[in-house]
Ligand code: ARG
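Only one chain comes next, encoded as structure tokens, the form predicted on its own.
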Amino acid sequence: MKKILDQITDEVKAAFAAAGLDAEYGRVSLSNRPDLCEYQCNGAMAAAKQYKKAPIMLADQVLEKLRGNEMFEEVEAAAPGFLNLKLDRGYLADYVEQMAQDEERLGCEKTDAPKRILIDYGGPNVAKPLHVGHLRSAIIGESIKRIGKFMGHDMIGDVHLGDWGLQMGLILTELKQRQPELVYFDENYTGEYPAEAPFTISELEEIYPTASGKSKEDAAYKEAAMQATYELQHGRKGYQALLKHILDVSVSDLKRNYENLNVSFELWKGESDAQPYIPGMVEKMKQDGYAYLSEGALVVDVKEETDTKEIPPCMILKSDGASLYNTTDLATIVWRMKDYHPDKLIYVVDKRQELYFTQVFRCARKTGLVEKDTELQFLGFGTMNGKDGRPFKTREGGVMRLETLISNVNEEMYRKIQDNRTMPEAEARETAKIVALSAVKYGDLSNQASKDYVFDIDRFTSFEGNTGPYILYTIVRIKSILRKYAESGKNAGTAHILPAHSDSEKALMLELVRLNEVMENACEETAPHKLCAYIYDLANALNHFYHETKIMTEEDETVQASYIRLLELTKHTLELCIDVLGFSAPDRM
């Protein structure tokens, strides 16, 4: 369906043209004074200079051409030159009815220019548990991927594991000290390596911090870890086999934790997957004259004349020939372009890494790793803070495991549900998980990604205000009304949605018809918070309509059936939106 704002704009543009004015001045927007009108056009003021007339005179000219237009209930020219518009209730109801008949997409058109977009939104290190620092990347990235898919783009999510470098050597060194008899450490061993890992995820998560601590105090231990890293990266078979075990055990645990967040990835690639591309990439940068030695390190200049601050060169190799994160990220771009040919790459990363990604993107463009029309987007997110305004920590001051955070929110949600004593314990537990996820995700996504926010468990789990549970409570309220209607033996069936009988009903319809525009805008601007703002406004409009309207006691069955159809559409709209945001609603709360 064509967006309603575009339909209104077409009518107003036609009126400008009919009044002898440039049609482009007829652009319409949502009213910033909803107490006066629903839509507005400010084109007369912009046109005043060209036509050497007072804006109000031009607005009056256009007004005359709009009189009698069936799209509008009321059109008014207001000083100094606004055109205030209110939609006809019959026209609005027809548009809403068309949305309701499109059960799959509710009138949302897919993009006419689909792209293949690869999005990097994971970044966990293997052998380490997910912590709260991983939350925002996962939640924001997943919602952007889902919104993009809904709008018709080919979205590919890559977890981009940290599975290379010294951390792997540290694990190998500690494991060798603990279990030197393992065949992986016998350089003369030529048989098949065991299929089962010699450690569990719990043991692995304990091994790494222990090894890291030892390396900071024992120079010989760190040297052994660096040697193990070198041998791993140069193909020692026993170490390669252990790396596979580490990846298998870690990925299995990571998948379980991401599933608890309703987050998934199409690709489970890591830094190690980029390693084969590094030698060829480095050699080409040298041959093409982009890479040069600076104080022993291999670098590429990425500064530009328009820079207002210093942008250091992008380091490709350290003076000892070792690769860096820059090297791995650039090589990752090489294989992504080679295997997937994306039109766009989006990196959902902490905003404090902006300078780093500026260097990487510029280097990739300058050295021809990406095509000229390939988009590279850095989507930097702010920090999740505690009530003290500082990065979120445990009570002991450590970094909280993500699993612990989710468990805490689940328990708080379960307590609130049990306070109402409306369902058995098993159902309450399951419902608490569903609602808790909405609290965490909506609490994050309702904030603009680049901004820091305070994680307030009391506010996020509230059933009132701009929260996930409030949105779900609205959906559950609609489900309850629909159940009661069905239990009364009635069926709205194919009843048509009638023109609004009240201002609150019209206000609900006006929110519903914005879906197409909001979804498109959230996709184009990679801005899930705009979709959150929309469903909050829609939930408020629904609850206002509910409180003002006697739905179940309405005596006119045709009117009642229209109300029910409108409620069904509102439920479908809210459910569609929360699905692309990455959570769902229970049947009752």
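Bear in mind the structure is a predicted one, so any value in this text is a computation, not a measurement. Numbering starts at 1 and follows the sequence shown.
We do not show the form predicted together with the named molecule, though everything after this point is about it.
Of the stretches 351 to 359, 301 to 309, 103 to 111, 471 to 479, only 351 to 359 has residues with a heavy atom within 4.5 Å of the named molecule in the predicted complex. Looking at Tyr325, you'd find a heavy atom of it within 4.5 angstroms of the named molecule in the predicted complex. When the named molecule is considered in the predicted complex, Asn125 lines it closely, a heavy atom lying within 4.5 Å. The shortest heavy atom separation between Glu174 and the named molecule in the predicted complex exceeds 4.5 Å. Proximity of Phe460 to the named molecule in the predicted complex falls outside the 4.5 Å heavy atom cutoff. Among the residues Asp329, Glu142, Asp444, Glu505, the one placing a heavy atom within 4.5 Å of the named molecule in the predicted complex is Asp329.
Listed residues Tyr239, Tyr347, Phe265, Phe82 were compared with the named molecule in the predicted complex; Tyr347 is the one with a heavy atom within 4.5 Å. Annotation for 568 to 589: no interface residues with the named molecule in the predicted complex [heavy atom within 4.5 Å].
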